[in-house]
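A lone chain, given as structure tokens: the form predicted on its own.
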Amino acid sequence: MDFYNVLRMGHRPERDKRVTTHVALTSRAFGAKKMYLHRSDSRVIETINNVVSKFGGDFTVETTTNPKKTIKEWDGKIMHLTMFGLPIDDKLVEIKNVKEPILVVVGAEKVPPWVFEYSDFNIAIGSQPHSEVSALAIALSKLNEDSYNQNFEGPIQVIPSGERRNMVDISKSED
């Protein structure tokens, strides 16, 4: 599970900050270790760094101005999430058997044709328009056999409750 990373391609800071933030949060929660962010956006990076510092984990966001170079230099396999790809269930066993890091490419806008060419797997969660956030969550969940660690070591711990929002700040608790 430590070998998934995400490349958020085509991020447009003026209109995509909320969805890109959700791509990063989903990446972190479902086991990815890093998100490469195409085009710098200090608001997204600051939000994710704040979540990591409060709730834990070792997830990072790194900016790339050249996603093509990021993909070409990736030392592992490339999995592009696209509604035009092959159904994930048809390729799931093959992808799970990959023994090298996987870079999951998630587009914000129409991705250029070279993304399809450089990808080892062009994968569809569904063949209809849908959210890249949902596609990423479903893909990472399936790859992790629906088992992922939601418990990170951070000062704020969420206490599961069926009745209310419940968190504890362990950094302020008495010894």
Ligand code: SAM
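We number the residues from 1 along the sequence you see. Note that the structure is predicted; figures quoted are calculated from it, not measured.
Missing here is the form predicted together with the ligand; even so, the following discussion is about that form.
*Asks:* I have 29, 32 and 50 flagged as a candidate spot, so tell me whether each of them has a non-hydrogen atom within 4.5 Å of the ligand in the predicted complex.
*Replies:* Zero of three within 4.5 Å in the predicted complex.
*Asks:* Does at least one non-hydrogen atom of residue 113 fall within 4.5 angstroms of the ligand in the predicted complex?
*Replies:* It does not: once the ligand is placed as it appears in the predicted complex, residue 113 has no heavy atom within 4.5 Å of it.
*Asks:* So in the predicted complex, is the ligand close enough to residue 103 to count as touching (4.5 Å, heavy atoms)?
*Replies:* Result no; residue 103 lies far from the ligand in the predicted complex.
*Asks:* Even though the partner isn't displayed, in the predicted complex is residue 46 close enough to the ligand, meaning a heavy atom within 4.5 Å?
*Replies:* Heavy-atom contact with the ligand at 4.5 Å: absent for residue 46.
*Asks:* With the cut-off set at 4.5 Å between non-hydrogen atoms, does residue 61 touch the ligand in the predicted complex?
*Replies:* Judged by the heavy-atom cut-off of 4.5 Å, residue 61 is well away from the ligand in the predicted complex.
*Asks:* Tell me the stretch among 51-59, 32-40, 120-128, 65-73 that has any heavy atom within 4.5 angstroms of the ligand in the predicted complex.
*Replies:* Stretch with heavy atoms near the partner: 120-128.
*Asks:* At 4.5 Å, heavy atom to heavy atom, what parts of 49-87 sit next to the ligand in the predicted complex? List them in sequence order, or say none.
*Replies:* Residues within 4.5 Å: 81, 82, 83.
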